[in-house]
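Just the one chain here, laid out as structure tokens, in the form predicted on its own.
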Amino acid sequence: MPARPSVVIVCPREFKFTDHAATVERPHLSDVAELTTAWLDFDAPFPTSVLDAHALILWHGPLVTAPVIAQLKNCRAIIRNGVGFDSVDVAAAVKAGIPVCNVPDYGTEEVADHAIALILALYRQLFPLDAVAKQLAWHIDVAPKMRRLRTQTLGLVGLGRIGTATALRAKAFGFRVVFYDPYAPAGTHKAVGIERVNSLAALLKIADTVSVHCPLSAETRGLIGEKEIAQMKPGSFLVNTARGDVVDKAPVFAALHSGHLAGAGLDVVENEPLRTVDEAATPNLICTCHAAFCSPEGMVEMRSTSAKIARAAVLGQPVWNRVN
């Protein structure tokens, strides 16, 4: 009998993936493929078991570069466990005829909830008030930063699944919601009941809080830098639950020190994690460890979707969520 196709879950060694038996993936794959997990150092060469696989399911890293893709002679799909797929050389995969897929919708609710939580924490100054109360004091020095939400404009950079979910939540709190997304179809603002602006500069000018919800790409890397931070309203807030490299961190930290920004809520940062004691001591900064996507329910949904795509690939069926 011919050997069954193989599916390999590729995991960085430092990632604490404890489900060695792949209990979420196995029910979707055990009848059609051999399923194994490979733990690799970030820059380690890919072993033969990975290079010979018929489908790869990737956690965060290692990088699947063009030289790696050139060695994938059996691979029918590369599936990224998550939304971002910048760890894969998509262009090289196109040339090799290998579909690259992601799971763009698994954490929609969690990330939108997290963005709103950061926004509310900034507006209601939860962490400074908590610190004062725990010093057995009762001085509300941050009162000028605490604003009525119904007077505030929330500007969303990107209106994909997560941006839309955030917009709907923000509307419920009474925000005026505007967005900038050159790729959103015409009329999207009418369907969601929010306002559209035609440039990032226009959004930065009117938003009291800017919340980032666009993917990381060559176009969006450094999208918000020194010039853009300077264009934001004095005393405004910045929130990023997308990708760290969309926002240059140095001008954000500088603006927090100068007071141009009243606060920032960053689930992700450029070149994460925070690198120095000085970065960590930046005033009016909330950081949350790239954890916006986290929930047991979201993890099961993500892993199940990746396994279903891998199953379709090894069976020669059409795959979905293709990014190439």
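Residue positions are given as counts along the sequence shown, with the first one as 1. Every value quoted in this text rests on a predicted model; they were computed, and no experiment measured them. Rigid core here is just the name for the largest C-alpha set that superposes within 1.5 Å across the two forms.
Omitted from view is the form predicted in complex with a small molecule, to which the following refers.
Non-hydrogen atom contact Asp181 with the small molecule in the model of the complex at 4.5 angstroms: Answer yes; at least one heavy atom of Asp181 falls within 4.5 Å of the small molecule in the model of the complex.
Exercise: Arg169 in contact with the small molecule in the model of the complex, heavy atom 4.5 Å: No, no contact at 4.5 Å.
Heavy atom of Ser211 within 4.5 Å of the small molecule in the model of the complex: No, Ser211 is distant from the partner.
Thr220, heavy atom within 4.5 angstroms of the small molecule in the model of the complex: Thr220 belongs to the contact set for the small molecule.
All of Arg161, Arg243 and His290 within 4.5 Å of the small molecule in the model of the complex, heavy atom check: Contact check passed for all of Arg161, Arg243 and His290.
Position in contact with the small molecule when the complex is considered in the model of the complex, options Ile79, Leu122, Met232, Val111, heavy atoms within 4.5 Å: Among Ile79, Leu122, Met232, Val111, a heavy atom within 4.5 Å of the small molecule in the model of the complex occurs only for Val111.
Sole residue of Cys75, Ala93, Val157, Cys101 within 4.5 Å of the small molecule in the model of the complex, by heavy atom: Answer to the contact question: Val157.
Stretch in contact in the model of the complex with the small molecule, which is absent here, among 25-33, 47-55, 266-274, 251-259 (heavy atoms within 4.5 Å): That would be 266-274.
Gly244 C-alpha relocation of at least 2 Å between the shown form and the other one, rigid core basis: Where the cores coincide, Gly244 shows only a C-alpha shift between the shown form and the other one that is less than 2 Å.
Large Cα shift (2 Å or above) at Asp130 between the shown form and the other one, core-fitted: Comparing the forms between the shown form and the other one, which are aligned on their rigid core, Asp130 does not shift its C-alpha by 2 Å or more.
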